[in-house]
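Starting off, we have a lone chain in the form predicted on its own, written out as structure tokens.
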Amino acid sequence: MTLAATLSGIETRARGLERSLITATSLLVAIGFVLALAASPVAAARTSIDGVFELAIRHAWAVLLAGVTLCVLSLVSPRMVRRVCVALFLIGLPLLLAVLVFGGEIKGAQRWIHIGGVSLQPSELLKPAVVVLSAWMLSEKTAEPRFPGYSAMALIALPVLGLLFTQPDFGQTALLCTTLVAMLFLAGAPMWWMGLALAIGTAGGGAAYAIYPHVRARFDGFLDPDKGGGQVGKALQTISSGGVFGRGPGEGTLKMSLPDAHADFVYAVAAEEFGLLLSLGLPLLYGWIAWRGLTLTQSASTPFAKLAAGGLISLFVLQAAIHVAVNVGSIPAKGMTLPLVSYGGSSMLGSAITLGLILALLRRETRMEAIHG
């Protein structure tokens, strides 16, 4: 194949990308960078970060890497989507296991591993891989009823869920488990499979409450804020202080008392500094991605593309919903970032992988194959 033909093929694939999803993604990234600038002085004061705007600079580099990753993945074929996720799974699973041996403990959990001076959270690479590989197994079950698709899906997902639980990272465990249950429902799995998944999740939550003191403290604090719901209480105060129009970029004061204002509670910072407009605008952007993406999955080229895209969209939007729910005090604190908005290289990269794969699976030419056969 000549260079001209290759470039022509890339141009054709690029033209087939869903522009509304790209626009929503770009807006989220832009909002995230503004909030990183606003939160950078707070992070510098509370952590060992050197330089008032060092966090914003690091965030910009993460955005650059994520942008390149998203662009490249959005142009691959559905077959290459599977290969990419096999590679991510084979790389991410050993790294997730290594976290338990070599990872440093932060706030009672081991979630990060340091490689060449870079801190990496392997779960962010594994989440989209598990979703896509599970969709692959479920689609094979659809094509060949005798194929053990549900069992194969369990063999892929259970080791990852088990390692996440052991870290412990219950937010990511709950997120991934909920997404997989939704995929089982979309695939028409027997109700007992979904019931089994929910039972395992419920038992895991009960075990976490009994085993881990910090989990028990968070849950008890959520039920009775007077016992220690400090983080969520501060987040609610920060949100309400923004009013309708907000205090202005960088002018928030209550954010100073928030732990991880640049990550786990970035929604509260957005509400304080930009008011009701951004408080409603952010959920609307994620809602648009969910609505438009799930609408496009109806004309996806294959059962695999439909399940994988639907699962990835659910993963992305559910994470945003959990983050917002924690910030407004609807659920106990989970330590969950807001996709594409919160600071964090691993989170940004994981979100870019997820959205890049979604765009690849929902490109116009792949959907036209389904319509015209």
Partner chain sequence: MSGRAQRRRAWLALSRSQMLALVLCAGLTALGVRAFTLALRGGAERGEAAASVSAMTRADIVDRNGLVLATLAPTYALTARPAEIWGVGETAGALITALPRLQRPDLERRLVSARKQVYLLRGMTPAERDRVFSLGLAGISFVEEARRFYPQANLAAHVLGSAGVDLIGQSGMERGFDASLRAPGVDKLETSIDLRMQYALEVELAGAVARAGALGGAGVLLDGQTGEVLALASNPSFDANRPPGPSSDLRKNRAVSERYEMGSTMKPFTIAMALDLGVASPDEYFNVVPPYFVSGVEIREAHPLSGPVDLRAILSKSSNIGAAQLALRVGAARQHKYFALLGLEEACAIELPGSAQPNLGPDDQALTVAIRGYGHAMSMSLVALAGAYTAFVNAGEVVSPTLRLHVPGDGIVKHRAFSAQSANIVLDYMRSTVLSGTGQKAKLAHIAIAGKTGTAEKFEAGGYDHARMLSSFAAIFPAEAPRYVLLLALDEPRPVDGGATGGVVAAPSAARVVTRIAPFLGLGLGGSGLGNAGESARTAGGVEL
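Residue numbers count along the first chain shown, from 1. Keep in mind it's a predicted model, so treat the numbers as computed, not measured.
Not pictured, yet referred to below: the form predicted in complex with the partner chain.
Novice: So the partner chain isn't shown here. In the predicted complex, which residue out of S77, T142, T166, T302 has a non-hydrogen atom within 4.5 Å of it?
Specialist: Selected residue: T142.
Novice: Please tell me which of A208, A152, L294, V86 lies within 4.5 Å of the partner chain in the predicted complex, judged by heavy atoms.
Specialist: By the 4.5 Å criterion, the partner-contacting residue is L294.
Novice: Quick check on V328: any heavy atom within 4.5 Å of the partner chain in the predicted complex?
Specialist: The answer is yes: V328 has a heavy atom within 4.5 Å of the partner chain.
Novice: Look up in the predicted complex whether G242 has a non-hydrogen atom within 4.5 angstroms of the partner chain, and give yes or no.
Specialist: Residue-level check for G242: yes, a contact with the partner chain.
Novice: Please run the contact check for R247 against the partner chain in the predicted complex: heavy atoms, 4.5 angstroms, yes or no?
Specialist: Yes, R247 sits close enough to the partner chain in the predicted complex that at least one of its heavy atoms falls within 4.5 Å.
Novice: With the cut-off set at 4.5 Å between non-hydrogen atoms, does G188 touch the partner chain in the predicted complex?
Specialist: Result yes; G188 sits at the interface with the partner chain in the predicted complex.
Novice: For the partner chain, considered in the predicted complex: do all three of S26, L37 and S342 come within 4.5 Å of it, counting heavy atoms only?
Specialist: Answer is no for this spot.
Novice: Spot the stretch among 317-325, 29-37, 344-352, 55-63 with residues whose non-hydrogen atoms come within 4.5 Å of the partner chain in the predicted complex.
Specialist: Of the options, only 317-325 has residues within 4.5 Å of the partner.
Novice: For the stretch 278-294, I need every residue with any heavy atom inside 4.5 Å of the partner chain in the predicted complex, listed N to C.
Specialist: Contacting residues: S279, L280, P283, Y286, G287, A290, W291, L294.
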